[in-house]
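There is one chain below, alone, in structure tokens, taken in the form predicted on its own.
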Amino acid sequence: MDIGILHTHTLTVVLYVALFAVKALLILTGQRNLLTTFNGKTRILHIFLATALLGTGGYLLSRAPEGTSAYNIVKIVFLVLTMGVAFVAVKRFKASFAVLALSGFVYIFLLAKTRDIFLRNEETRLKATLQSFETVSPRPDVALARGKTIYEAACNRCHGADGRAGYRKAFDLQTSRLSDAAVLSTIAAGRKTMPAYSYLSKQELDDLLAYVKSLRK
């Protein structure tokens, strides 16, 4: 169900932003009368899309292990503010507000993709965090700590802190008995809705494997 709701949410977001983009274009080109006509004909559609967007987004946040993370809170705040600015832009025929709202929607889209308020990609964030560890260490506790860091950055959002969240059909890592080779292959190449983490080095993959296995019961 999570995946179906996610696809619905994504489609709703695209349609909502596309609808506003048309209105913004009319504002920027000075087509006040045409905007009034278009706005009247799409009023019900706008209300439906806004409701669906907030409803599906709320459901996904309630299901996601990181639903209350900093980037999600920032995303919600920016979305509400941007929708408010978009409303004012259309209501008062303000070009500056239309541009501001479009910029806000672009930022929210990039925020959703990167999951970082500074729009850094996952690899950049993770590599920066891992710099605090020893480059190579035979100590199991260090390897496990590195693995946990990688897990929290890349895996927690679907598997959850205990490995059992099952968000977007993620495997239950506590009961999984995949072989080491299968786990490493799945992480590196991805599987169905799980993305590939091909940027992880062999050492990082081994450390993540060690941490994933530590979650097993």
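Residues carry their position along the shown sequence, with the first being 1. These figures come from a predicted structure and were not determined experimentally.
Another form, the form predicted together with heme C (HEC), is not on view; read the next lines as being about it.
Note that among 26-34, 161-169, 43-51, 57-65, the stretch whose heavy atoms approach heme C (HEC) to within 4.5 Å in the predicted complex is 161-169. In the predicted complex, heme C (HEC) sits within 4.5 Å of a heavy atom of residue 194.
By the criterion of a heavy atom within 4.5 Å, residue 13 is excluded from the residues contacting heme C (HEC) in the predicted complex.
At the 4.5 Å threshold, heavy atoms of residue 69 stay clear of heme C (HEC) in the predicted complex, well away from it. When contacts are judged by a 4.5 Å heavy atom cut-off, residue 208 counts as touching heme C (HEC) in the predicted complex. Contact annotation for the candidate site: 81, 100 and 108 all lie away from heme C (HEC) in the predicted complex (no heavy atom within 4.5 Å).
Along 65-82, not one residue places a heavy atom within 4.5 Å of heme C (HEC) in the predicted complex.
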